[in-house]
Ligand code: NAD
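Below you'll find only one chain, the form predicted alone, shown as structure tokens.
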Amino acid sequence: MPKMSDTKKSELKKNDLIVIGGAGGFIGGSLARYFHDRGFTRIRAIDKKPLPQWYQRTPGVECLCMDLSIESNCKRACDGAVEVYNLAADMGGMGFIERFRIECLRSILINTHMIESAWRAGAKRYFFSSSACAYNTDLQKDLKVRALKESDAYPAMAERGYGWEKLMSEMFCQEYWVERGLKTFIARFHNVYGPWGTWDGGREKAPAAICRKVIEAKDTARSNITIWGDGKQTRSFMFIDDCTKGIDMIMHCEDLIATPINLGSHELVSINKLVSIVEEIGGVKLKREYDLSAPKGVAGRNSDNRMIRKILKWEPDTTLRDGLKVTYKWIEQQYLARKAGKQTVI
């Protein structure tokens, strides 16, 4: 294994080229804005969606429309890169993950080509966005699930499709460090939400879906809301600002080279509790109807943050209520804009 530097953290120069795959999406787009706002002057953002369909585009950022599952596009994307952040993947909420497993599995092509291209281009660091779906599903059958620690990914029994792709791609990252000396960093995301994210159309996650349903109910004077499953499923949800900050900290910590780490909130709530919080924000109380035939995922999942607290002296700390207030307001603006016939983020 290559020898690590004695330096605990590495600084990125303001004029170093940062490449972000999946930057037309929620987290990737937010990460591009994060680095731009911190004074980085050379950011290359890539996504296969046509530019008008990107969730957000930051002025001064080079934006390229390319499919990163194609090797030649990855070579173009990584040319001259000092750091590469791979957030490109076909994914969405549980409704998408359970119905489109092949699309999720095919995302392994993106990481395979991107990490090889980054290494050939001489990039110094490579970040891979993994997921809590990589964890052993046998440990997630209890509503009062213990928080998942990093070692709980093995013995492997990942979420079918999406989770297995993440687990295999993590292994690629680890081997590129061991065999080729490319410094790789791996964060297992736990349910990221916030403004500029998917809020309708089937790929949205629970916080955005519940916000939209409450807003729709208020706007149409409906008194009911439909919840997938029995509402007893438990999850933790991480606000987008915590996610982008965490990515930056993880990527520049020498102690985390080729080491998967949780990036998520430890605040565990049931879906019923999530609905209650959104109802309070919206100032409404709705009758709950439960769709037991809808995709609902594992019974319970939470993030064990002992490792991130120990190494980074930090963990995601935006409360769910505070994050949802901002998210609800943004989705309400999007909803009303769409109702008025304006183009919106989906």
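A residue's number is simply how far along the shown sequence it sits, counting from 1. The shown structure was predicted, so the numbers you read here are calculated from the model rather than taken from an experiment.
A second form of this protein, the form predicted in complex with nicotinamide-adenine-dinucleotide, is not displayed here; the remarks below concern that form.
With the partner omitted here, the stretch from 271-279, 75-83, 185-193, 150-158 that lies within 4.5 Å of nicotinamide-adenine-dinucleotide by heavy atoms in the predicted complex is 185-193. Contact annotation: of the candidates Lys49, Arg321, Lys310, Lys285, the single residue with a non-hydrogen atom within 4.5 angstroms of nicotinamide-adenine-dinucleotide in the predicted complex is Lys49.
In the predicted complex, nicotinamide-adenine-dinucleotide stays beyond 4.5 Å of every heavy atom belonging to Arg235.
nicotinamide-adenine-dinucleotide is not drawn, but in the predicted complex it has a heavy atom within 4.5 Å of Ala89.
Ile43 falls outside the set of residues with a heavy atom inside 4.5 Å of nicotinamide-adenine-dinucleotide in the predicted complex.
When nicotinamide-adenine-dinucleotide is considered in the predicted complex, Lys205 lines it closely, a heavy atom lying within 4.5 Å. Residues Ser129, Ser130, Ser131 of 120-142 are found to place at least one heavy atom within 4.5 Å of nicotinamide-adenine-dinucleotide in the predicted complex.
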